[in-house]
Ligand SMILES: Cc1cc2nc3c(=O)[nH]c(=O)nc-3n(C[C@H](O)[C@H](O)[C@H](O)COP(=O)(O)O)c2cc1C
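Encoded as structure tokens, the following chain is the form predicted on its own, with no partner shown.
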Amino acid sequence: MAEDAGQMRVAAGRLEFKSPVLLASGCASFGEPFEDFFKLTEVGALITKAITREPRAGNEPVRICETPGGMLNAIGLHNPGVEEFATELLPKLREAGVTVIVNVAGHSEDDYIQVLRRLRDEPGIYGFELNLSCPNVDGGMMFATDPVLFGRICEKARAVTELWLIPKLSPAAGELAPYAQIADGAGMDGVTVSNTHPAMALDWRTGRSRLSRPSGGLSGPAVKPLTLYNVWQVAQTVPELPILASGGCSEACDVIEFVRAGALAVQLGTILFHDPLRPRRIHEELPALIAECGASTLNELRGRIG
């Protein structure tokens, strides 16, 4: 990957990344699928698969299907649980020097708090992304679409740890700016905009869902304009709150679009299934694009739109 630390480094509030390219939760697992393609230390951060209090088997297959311009997933928070993550998986990432943000999920406030308490003192964790909006598990939208519950869990999480806390907002909540304001008031270090969009795909012959569940979460290029709008809206409302854009990024020029809309950094997700070398390509192409925009660093472009 191209090396220009100053040009690629992005920072706002307490968040700082040496690269604006982050690996989105779930799509990069715990980094192991990409060990033969690039060094995980070269991206801004690895956001882990969702970690829950107890191990989860996830939903029954079929859990992924392609759609025009995107992908539907209904994984169902499949993960080994917090204890195995802490004792078996995290040490390997720590030893490799990876910037780790742990995605935390649960079914109750106590689930989140217990995971945070177990991990808050573990070396090698930079922060937590609070997965409050999983559209492919029963009850998975509860915290993301109720402003009272959303604010309360943010406040409780803040009381548990001083590490970065970044709630993942949901498009199912409608306008996201009010939730970003709540997050800011609760002392969150940023927000992820946003999670997958609730959606479905049918087999026209049988009328059955193409997933094991009636619906799942839509991601990929098809949602990019929606994510871009939500990022811009949140940035206009809470300009001091750092935003991690997630949804539809696949090219270096997409990164610049999201940053211009107000994002600090951009998570790559669905594109990794199609091209695991894409982070490398984006890193190689970004410096020339930044210069073409008349800037010396990517950070200079944040929020700059015509």
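Heads up: residue numbers just count along the shown sequence, starting at 1. What you see is a predicted model, and the numbers here were worked out from it, not measured in a lab.
Keep in mind that the form predicted together with this ligand is not shown, yet the notes after this line are about it.
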Query raised in the report: Out of 114 to 122, 154 to 162, 73 to 81, 228 to 236, where are the residues with a heavy atom within 4.5 Å of this ligand in the predicted bound form?
Result: 73 to 81
Query raised in the report: Wondering, does Gly248 line up within 4.5 Å of this ligand in the predicted bound form on heavy atoms?
Result: yes
Report task. Using a 4.5 Å heavy atom cut-off, state whether Gly31 contacts this ligand in the predicted bound form. Result -> no
Report task. Tell me, yes or no, whether Lys49 is in contact with this ligand in the predicted bound form, where a contact means a heavy atom of each within 4.5 Å. Result -> yes
Query - Touches this ligand in the predicted bound form: Ile64 (any heavy atom, 4.5 Å) - result: yes
Query raised in the report: Are Ser108, Met142 and Ser170 jointly within 4.5 Å of this ligand in the predicted bound form, each by at least one heavy atom?
Result: no
Query - Partner contacts for 19 to 56, taking this ligand in the predicted bound form and a 4.5 Å heavy atom cut-off - result: Ala24, Ser25, Gly26, Cys27, Lys49, Ala50
